[in-house]
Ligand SMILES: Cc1ncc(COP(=O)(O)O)c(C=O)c1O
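Listed next as structure tokens is one chain, alone, in the form predicted on its own.
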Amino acid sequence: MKAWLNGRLLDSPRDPAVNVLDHGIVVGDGVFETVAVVDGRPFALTRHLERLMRSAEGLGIGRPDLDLVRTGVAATCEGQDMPFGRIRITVTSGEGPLGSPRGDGPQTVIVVTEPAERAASVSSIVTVPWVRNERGALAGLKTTSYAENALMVEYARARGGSEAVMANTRGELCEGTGSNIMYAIDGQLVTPTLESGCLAGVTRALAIEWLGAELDVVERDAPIEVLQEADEVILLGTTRNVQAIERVDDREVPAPGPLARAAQEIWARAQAQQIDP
């Protein structure tokens, strides 16, 4: 693992480094991206940096210096043996007061890169009793205010799931805490629209493009109960890629089913051909 902060590679990723008054710590005032490393190289980095920019502008903390971020990515990847790994890029509004108003100092930019285990091709999910507010101030932004997600995923883990999936305030299927969701009904792959309040996932966008070239893929909103009748369920995410789901709450689902298997094959083939699609 290597860590980089504001232009400086740290001697150790556990060295004291961030100001205790950083607004990212005080109130979670920041944005982030998680980028997969495939064979030592960041995958879809440009798309992730574009979303980082959109999130920062949407949060109102200013435009991050993407050239500086790329420098941090290169510095933390160099010298690490990573058939697979993850890069965490965090940008906060910088030092601020002990309250919600922001300070006027420079942003804090952090990059941490580490080797990682590939996710299993099959997993399970748990639906949670809380909802995503599709009309909230942070809807569609990938911010560091993740305590709600942490609570949800721990709820799911306590019930045997690897991910928590939630509805929005209208009762429609929305997303996982760190993933988008797709399901199969009558030979068609369906994923919620961005109007549901789900994050515009990088893997989601690529899956719609890549899978849609060979399979019937649509964006459509439906009640969360659709998961109880879906023929197959799939999670989409940076480190999950295309992951088949074998259990939704107490319901067993065939996994990987024929569409999930085809989707995984299409994804693997396309990813191997394009490191920065």
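As the structure is a computational prediction, the values presented were derived from the model and not from experiment. We number the residues from 1 along the sequence you see.
There is also a form predicted together with this ligand; it is not shown, and the following applies to it.
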item	value
In the predicted bound form, the residue from 37, 236, 56, 227 that sits within 4.5 Å of this ligand by heavy atoms	236
Heavy atom within 4.5 Å of this ligand in the predicted bound form - the one residue of 167, 202, 110, 125 that qualifies	202
is_contact(residue 92, this ligand) in the predicted bound form, heavy atom dist at most 4.5 Å	no
This ligand contact in the predicted bound form: residue 175, any heavy atom under 4.5 Å	yes
Close approach of residue 76 to this ligand in the predicted bound form, 4.5 Å, heavy atom	no
Exercise: residue 179 in contact with this ligand in the predicted bound form, heavy atom 4.5 Å	yes
Contact segment among 102-110, 179-187, 153-161, 116-124, judged by heavy atoms lying within 4.5 Å of this ligand in the predicted bound form	179-187
Interface residues of 134-167 toward this ligand, as seen in the predicted bound form [heavy atoms, 4.5 Å]	142, 146, 149
